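In the block that follows, a single chain appears as structure tokens, in the form predicted on its own.
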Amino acid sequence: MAAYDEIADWYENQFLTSRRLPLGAPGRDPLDIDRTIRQLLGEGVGVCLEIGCGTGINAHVVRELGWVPVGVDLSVGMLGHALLRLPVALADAKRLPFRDSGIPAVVSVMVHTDMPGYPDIIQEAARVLEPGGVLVHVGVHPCFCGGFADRADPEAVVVRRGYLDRHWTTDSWTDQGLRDKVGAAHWSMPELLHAFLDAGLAVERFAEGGSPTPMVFAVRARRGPR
């Protein structure tokens, strides 16, 4: 994740400005990420592992729900900021440094487009989840975000050819975001949902966030009993 090492300070100090406002402050959560985590993860106890935790900006929401947040990421630069917010480990999400069936909850927040092998990562998350454990995925909306989607006018998102083409691109409608800097993998809605089913997880709930056209799509899935 060398690309994120290069932009870690920008990501923390400029890109995440709204997420660092006090809880409940106007404009703090324009994509409804906090709300979605609360809605789908819910209250609980024990470790909640965040895959691709970045700078750890989601830790306070997870902690507020009663969980103990722990994060993994491949970017040393991003983890340098995350250390101030939660315990972290430098690790590949395809080879999580945790034993089988030992973690009650896993979250993945706005990172699946950074992971070309995301279905394998869902499989790995299922491996470390304890029976009955929950996986919450919060990511950019497959239908309305990507190199094929022009969001320059929030009232009229233009979706061009490319939605059905699995690809990696740095095409972006803005130079103020991430994708022109680090690129993004695209998964169609069926491909994304099949990743949970193929990992043997039971899909329970869905959510969308952002308006007037959603930018976020979220899933709660659960590992079955042993």
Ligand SMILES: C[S@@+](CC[C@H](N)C(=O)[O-])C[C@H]1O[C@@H](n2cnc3c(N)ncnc32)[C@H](O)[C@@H]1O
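Being a predicted model, the structure only gives us computed values, none of them experimental. When you see a residue number, it is the position in the sequence shown, counting from 1.
Unshown form predicted together with the named molecule; subsequent notes refer to it.
This form leaves room for the named molecule: after superposition of the C-alphas round the site, using its pose in the model of the complex, no atom of it sits within 2.4 Å of a backbone or C-beta atom. At a distance threshold of 4.5 angstroms between non-hydrogen atoms, T36 is out of contact with the named molecule in the model of the complex.
The closest heavy atom approach of L193 to the named molecule in the model of the complex falls outside 4.5 Å.
Contact annotation: L16 falls within 4.5 Å of the named molecule in the model of the complex, judged by heavy atom distances.
With a 4.5 Å cutoff on heavy atoms, D92 counts as touching the named molecule in the model of the complex.
Of the candidates L135, V88, V109, A149, V109 is the one whose heavy atoms come within 4.5 Å of the named molecule in the model of the complex; the others do not. None of 185-193, 52-60, 39-47, 159-167 except one has non-hydrogen atoms within 4.5 angstroms of the named molecule in the model of the complex; the exception is 52-60.
Relative to the named molecule in the model of the complex, residues D73, M115 and L178 are all within 4.5 Å by at least one heavy atom.
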